[in-house]
Every structure is written in C-alpha cells, then in structure tokens.
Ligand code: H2U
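Below you will find one chain, with nothing else, as structure tokens; this is the form predicted on its own, and questions on how it binds or moves follow later.
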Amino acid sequence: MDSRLSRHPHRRYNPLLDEWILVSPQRAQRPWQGGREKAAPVERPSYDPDCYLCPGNRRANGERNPDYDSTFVFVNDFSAVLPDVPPARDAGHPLFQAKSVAGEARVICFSPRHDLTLAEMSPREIRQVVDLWAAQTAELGQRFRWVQIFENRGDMMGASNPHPHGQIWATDALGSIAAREDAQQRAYYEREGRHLLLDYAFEEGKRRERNIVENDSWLVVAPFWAVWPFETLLLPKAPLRRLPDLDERQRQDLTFILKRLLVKYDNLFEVSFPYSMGWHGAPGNGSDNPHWQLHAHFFPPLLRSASVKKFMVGYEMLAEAQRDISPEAAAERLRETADAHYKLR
C-alpha cells in the first residue's frame, strides 16, 4: 500500500455502500481528556435468579423460560416489528411518505450459562449457535424478505441484559443499508460477471495487509473502508448466498474462526470486548440473487483502551464517517494478540 496513506489524511471508498470515509492517521496519538467508560463487572454468576433470560426464570411478560441446556429462541417480548399491522395512510405529499412494515422479532439465547460470552464458549457450543442462525434464517426467510441476525454485546452497545444472546428481526422490506448493499453487489455482478466480495476477499488474500485470521473456508479482515477502529468483515472464500447454504465443513470452519476472532477481540484490551455484529445474506424475495455474497460485519466501539470509545459525532454526523487509526494498523494489532483467552492465561 502507498506508504503516504499511513501518514497523511485521505479518503477511502466503500464499494459495498457507495460511500467515502475520511482517514486521519496523524490523529492517532492525540491526547485524550474526554469521557471514559466504566468497565463492566469481570465476574458474573453462572445463573442469575433475576435474569430474564436464564433457564427456568420468569420473563418480563410473565412467561417462564424452559430449563434449556443449549440454545433457546423465543419471540421478543418487546418486539420492534409485528406480524400484523394496518396499512399506513397516504399523507398526500411526497415529503411525508410512510409505509407499514410487518415482521417478527426473536431473541436467541446462546447458552444457559449467564457468565459466558461467545468468545468464552466452547467450539461445540458455538457450533450450536451457527446451526441455529442457519435454521432461523431458513424458516423466517420463507415468510419475510429480509432476515437480520445480530448481536449487541456489552453495555456500551446498548445490550439490556448481559446474558449471552442475540436477536433476529425479520421484515417484509429491505432496510436501507441492506438495499444499498444489494444495489452495489448487483451493479458489480452485472458489470464484471463476478461477486464483489469474492473479488475483494481474493485481493485481500494476496495483499495480506489487513488479514487477521483465516482458515480453509473463511477470511477475517479489517476492511479497507472500515469506519470503526477495530471493525472487521467476515467473508466466505466460496460463493455463498445465505447461512443455510453452508455445508458441514464451512459450518465447522466458521465455528473455529468465530472463536479465534472473538478471543482476539477480548485479548486486545483484556476486557469482554463490546461490539455490534450481524449477518448479511441474500434477501428472501423469490429471486436466486446470483449477485449476493454472504458476509458478517463486526463493529466494536473501543478506540484506544477498554474505557475510551470512538464517538460518531460532529464531522461524522454532518459530513461523512472518519477514523484515526488506519485499518492496516488495527489489523496488525489484532493479528498479534494471542489466540488463548486472557482469562485462561
């Protein structure tokens, strides 16, 4: 890569969203006298009688969880989307458009143990989560156009409960970001006859500047256009459209690469690393969507320590996204962190 990019301000293009980001590597050493986050408690009990997600406990709506011993899925008691909604009325003016949206929101408990995270779970336990993600995508994708699987980990990312869990929001409409990814991948496929993200994975595999971990089926990189300081992109090395399409080898390899990535995140600042992550797969719109390539995004907010996070304010809110530490520097730091979880050392 041009060495000048590691020292001077420049903009980078994100072909997946058709947008630019300002990179200011010279600001990485600026002193910090701003806000600092409080660290989450290091130790939690394996069972919390007051947790709404622990096995056998009563949830906020009065229902009682089963005594599950692996994973557990239920319809969100406070769903953001609902299956039956009345049509929105036409406001009669193009500046006041509204459309009704139908959907279903579910909660996925990754483990019955209150004190774990995906990073601390065994490969066998993570594999159960991978299979559940695929099964839920297959089921909901038959009824809804978009199935968004995601996890918000940690207080810093707005998680309302520390129990290891994620969510699924399935809707009959594509979200704005999903629609932009769809359009960009379609345009590239029609122009080049190849998948945008497969070409990108191939090029990153050759350059090895932003690679973090990989195995036979998967590659994790700090994307060239990353916005968040330690943002990563998880890519399959073969054409894949949706999670249910994964074969046995790809599922097993995904299990192990998730474990490695998440342990490296935790080891970076020796803290249960906060992030928002989510899967993007081809829409369930009745089309084969040959232009789509499955992938997952990880957006962690931490910037320089366990207590200092990246704020999206000012220029970011009014002009375009901006970052200080370069994706190449972030990838190098993550690559060099140990593969054994710091709690076990």
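Everything numeric here is computed off the predicted structure, so don't read it as measured data. Throughout, we count residues from 1 along the sequence that is shown.
Quick note: we don't show the form predicted in complex with ligand H2U, though the next part is all about it.
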{"item": "Single option in 44, 59, 304, 27 placed near ligand H2U in the predicted complex, where near means a heavy atom within 4.5 Å", "value": "59"}
{"item": "Listed residue that, although ligand H2U is not shown, lies within 4.5 Å of it in the predicted complex (heavy atoms), from 158, 193, 94, 87", "value": "158"}
{"item": "4.5 Å heavy atom contact, residue 122 and ligand H2U in the predicted complex", "value": "no"}
{"item": "is_contact(residue 74, ligand H2U) in the predicted complex, heavy atom dist at most 4.5 Å", "value": "yes"}
{"item": "Ligand H2U contact at residue 165 in the predicted complex, heavy atom, 4.5 Å", "value": "yes"}
{"item": "Partner contact for residue 152 in the predicted complex: ligand H2U, 4.5 angstroms, heavy atom", "value": "yes"}
{"item": "Partner-facing stretch of 171-179, 76-84, 226-234, 206-214, counted where any non-hydrogen atom is within 4.5 angstroms of ligand H2U in the predicted complex", "value": "76-84"}
{"item": "Within 87-116, the residues that have a heavy atom no more than 4.5 Å from ligand H2U in the predicted complex", "value": "107"}
